[in-house]
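Consider the single chain below, provided in structure tokens and representing the form predicted on its own.
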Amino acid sequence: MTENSLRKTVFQKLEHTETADRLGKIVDYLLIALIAINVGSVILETVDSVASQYVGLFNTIEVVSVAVFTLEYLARLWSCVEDPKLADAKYPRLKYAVSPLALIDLLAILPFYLTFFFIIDLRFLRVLRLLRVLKLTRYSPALSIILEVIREERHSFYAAFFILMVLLILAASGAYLVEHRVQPEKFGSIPHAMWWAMATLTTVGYGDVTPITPMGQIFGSLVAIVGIGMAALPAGILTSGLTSQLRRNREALRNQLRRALEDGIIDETEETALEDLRKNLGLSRQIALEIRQDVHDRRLEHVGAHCVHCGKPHTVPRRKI
């Protein structure tokens, strides 16, 4: 086997680009299981009694996991040049290395290697190791959809957070003006007042810092009302983005169904490809059945409206609906 063919095979198995690729799916399941074991071990290590009793087991899990994840990262970096999406890139491996999924894979192994060069607090290291749970993004359509929505709506989120920062500064400044004389320990400066402003604008309202003057209470009420709208703004952007993304996913499955039905039948290979696409797009079986029925009905209407001999449309008057 040549280097190019081996690299292509590795890429296909890691990305399971081929339909009904059992080996690729087995690799995915093993990596998912290893990620789950890692997250569980990191959580259990925070229990001192468990950590001291099974320290050897936890160290073995860490070494084996880092070895597997390192091999996976290097294999993906080596074989990524086979990805059609990177065909036009001048430096395909560099472009892949800075992609979100590749950075997540790197963060999953980087803390282990950093301990050879730097002295890192074990508690901080545990938190970094928990970042391995983000590797599940590669195997979860739901998480992939959310990340894609955040990427597409990033400019809207930037605008929303910019507005939030402006309101935060204005709210903290107003609270400082009306409350700093009577509560110098809580509203003695604008940075001190920002804690109250953030808690109020985000509608959390811890209650540890509250205005006590009449003007401060009126001002605080206005800030709380504005905070309700600010809390709904990012949620509205995310909801709108999710709706648009799901609509695009349904349209992608619909187009694939139309292409599969061009010859009038859907063979086993096309059926497997449609099922894989449904899973990758994060659509339920019920939605897929509804799309299939709609495409089938529209195709029957199209075929019935044309002559089977010459292909010309029949001149049949439309019924009023």
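Note that residue numbering follows the sequence shown and begins at 1. All figures in this text were calculated on a predicted structure; none of them were measured in a lab.
The form predicted together with another copy of the chain exists for this protein as well; it is not shown, and the discussion that follows is about that form.
Trainee: Does any heavy atom of residue 100 come within 4.5 Å of a heavy atom of another copy of the chain in the model of the complex?
Mentor: So residue 100 does not count as contacting another copy of the chain.
Trainee: Report yes if any heavy atom of residue 247 sits within 4.5 Å of a heavy atom of another copy of the chain in the model of the complex; otherwise report no.
Mentor: Heavy-atom contact with another copy of the chain at 4.5 Å: present for residue 247.
Trainee: Quick one: is residue 119 in contact with another copy of the chain in the model of the complex, heavy atoms, 4.5 Å cut-off?
Mentor: Flag for residue 119 set to no.
Trainee: Please determine whether residue 208 contacts another copy of the chain in the model of the complex, using a 4.5 Å cut-off between heavy atoms.
Mentor: The answer is yes: residue 208 has a heavy atom within 4.5 Å of another copy of the chain.
Trainee: Within 4.5 Å of another copy of the chain in the model of the complex: all of 37, 56 and 64, by heavy atom?
Mentor: No: none of 37, 56 and 64 comes within 4.5 Å of another copy of the chain in the model of the complex.
Trainee: Choose from 160-168, 110-118, 92-100, 79-87 the stretch whose residues reach within 4.5 Å of another copy of the chain in the model of the complex, heavy atoms counted.
Mentor: The contacting stretch here is 160-168.
Trainee: Can you tell me which residues in 171-193 come within 4.5 angstroms of another copy of the chain in the model of the complex, by heavy atoms?
Mentor: Read in sequence order, the residues that approach another copy of the chain (within 4.5 Å, in the model of the complex) are 173, 176, 177, 180, 188, 189, 190, 191.
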